[in-house]
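So this first bit is one chain, no partners, the form predicted alone, shown in structure tokens.
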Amino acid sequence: MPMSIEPEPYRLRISGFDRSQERWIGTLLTLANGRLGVRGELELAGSRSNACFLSGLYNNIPLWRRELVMLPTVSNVYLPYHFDIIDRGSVERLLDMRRGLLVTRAGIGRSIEYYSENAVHRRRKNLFMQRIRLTSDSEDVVILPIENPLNPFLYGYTYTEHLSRERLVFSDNILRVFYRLRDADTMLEVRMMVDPGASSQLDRLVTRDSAGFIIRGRGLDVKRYVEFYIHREGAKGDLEEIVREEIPDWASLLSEHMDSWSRLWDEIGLEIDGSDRLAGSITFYTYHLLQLIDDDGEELMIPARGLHGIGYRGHIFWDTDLYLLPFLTFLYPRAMRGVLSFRCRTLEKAIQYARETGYRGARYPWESVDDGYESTPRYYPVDLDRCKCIDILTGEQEIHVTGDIAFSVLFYYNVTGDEEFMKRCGFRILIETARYWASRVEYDAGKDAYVIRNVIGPDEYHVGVDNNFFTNLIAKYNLKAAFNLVINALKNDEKLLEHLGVSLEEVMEWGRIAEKISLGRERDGVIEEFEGFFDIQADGKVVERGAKRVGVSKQADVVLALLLKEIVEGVEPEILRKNYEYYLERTTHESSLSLPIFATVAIMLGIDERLELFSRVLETDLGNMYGNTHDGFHVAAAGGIWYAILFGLLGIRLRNGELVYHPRRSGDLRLAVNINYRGNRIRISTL
């Protein structure tokens, strides 16, 4: 059946069905509320990858240490007497982003019509809702199961069983399934209540790997409500507590959910003037970012692939802190505070990590999970038959994440003026991360500069390099920020040093290092990505050394560093242009984090290909550009789209502690949005 994907303003319409593409579509149609995510494969296709995720629910696993747990599939619907629904029927799905609703319509043969509405409730964080209508000329049967999950481990050859089903409890039209997390004293309860509708018959279903209800009737109108509960050993509460017997009010719950989404969109005030596809694409990525916000949580753990899939095993990278920074800070600052609060909670683990690796202060892990420990695998199997593996050194050498977090703390503080957060934790993060850099740098007498050796920068093609420009610049900002904040605060609080546990000598050392940290060479305004990068070029072309590419970058590195500098400090336009042009020719954009940064700089500079680059970014997930959207949503790319909007189109900058902005039109793209600055809401528009 031919398939088409059509983004429209606040809508995504998918017509047709192609089983080979369904895991990709399942990511595009994922529903989430910041705590619960439910993938959106066609519920009639029987996909067992149509799983659910709870934010922060991790479990132990070989190789990756811990991973996000795939929860039971709760959205699948089986119509046992209609096997031709996929091959011969017509299918159309509509993701209504304004209301947070997924609507599916399918025709079966000539006389049967299927209709469903799915929602993950935005206010009731543990609730998935589904309504199913089936019309036909005869009595029909619908099966609604809860199906046991299996996390794929390696290439789909092996699986990890995190959840062990312990028991079932039926009570009229309520089913409670209890699972034990294998490596933790934790129970998961999946509670399903079914409203079978008038004059329908309800039967129980129990198999080895699923349980649920069978509904028989004519003109079926069935409602399913599924709730997820975590029971931890030692916590208060009785697993056998009495469950309410009343059937929920579908209309009231749905109205509450849709009103919540409507208020959120109104608060942001996003207006886009452009083609339907352009407007629809921007709202699509914005919607999926908003789905990752938990309004009620104190902290926010956002994996690199969201709550949309098991990509990167649900680990948390610098993507969350740096790439979501402008979107969350300006549009939903409470959520950015939640992201940083996760870093607050895991600060002691970062201090321990620095100590274990021979340094002072706090070193944050390259790949984080709920407990804050480093979870980057040391190797990865690439050929199971021959037992071949590749070394993964990012956990050891890609240390810029520590500076990225510090940069985010300072940016958040400058935009929001959140003194309470800084006193509670922000100050300490900046101080402990500055301590790390002060112990990580080495003084090079020949250069009369502080250097940082043996690192991996954002460009991950080059391993074990010295003086990566991005890493050194982010370390410089970290040290400088900690120095300035402490020195300025001392003017009003003479006991601050004692309170923070630092000496004046230590603080002054941060200032000295920041001033003399090496930022490498320049050649005609072009900044060297790392020490020796210029030397591995041959007449400006990429050269080969063995099987390894050198002189080419995986993703934005120098250009990203200059973009951050431009946002908070300023960069000469000619320098920005020269580096953009030089590195654009030498970057493969193999990472989804790359194109958004180049597109942002292109819009800033008014370069001809700016909208072409921006349009390519919009195809990251909608066009499955990297062929791996089935593993989850590309969170950083979506955040990068908002770099282009906020810093490119709207021209936002921070200058000397003040917000400035110079909106500009770019081709056919015009938009307006509400941003937050120091407790005030400001509308900025290019319309």
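Don't overthink the numbering: it's just position in the shown sequence, from 1. Note that the coordinates shown come from a computational prediction; the quantities given were computed from them, not determined experimentally.
Same protein, other form: the form predicted together with beta-D-glucopyranose (BGC), not shown, and the subject of what follows.
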property: Position in contact with beta-D-glucopyranose (BGC) when the complex is considered in the predicted bound form, options 368, 75, 555, 329, heavy atoms within 4.5 Å; result: 555
property: Heavy atom within 4.5 Å of beta-D-glucopyranose (BGC) in the predicted bound form - residue from 146, 401, 108, 593; result: 593
property: beta-D-glucopyranose (BGC) contact in the predicted bound form: residue 225, any heavy atom under 4.5 Å; result: no
property: Non-hydrogen atom contact residue 318 with beta-D-glucopyranose (BGC) in the predicted bound form at 4.5 angstroms; result: yes
property: 4.5 angstroms heavy atom contact with beta-D-glucopyranose (BGC) in the predicted bound form for residue 460; result: yes
property: Residue 71: touches beta-D-glucopyranose (BGC) in the predicted bound form, heavy atom cutoff 4.5 angstroms; result: no
property: Contact stretch among 561 to 569, 595 to 603, 443 to 451, 304 to 312 - heavy atom within 4.5 Å of beta-D-glucopyranose (BGC) in the predicted bound form; result: 304 to 312
property: Residues within stretch 189 to 213 having a non-hydrogen atom within 4.5 Å of beta-D-glucopyranose (BGC) in the predicted bound form; result: none
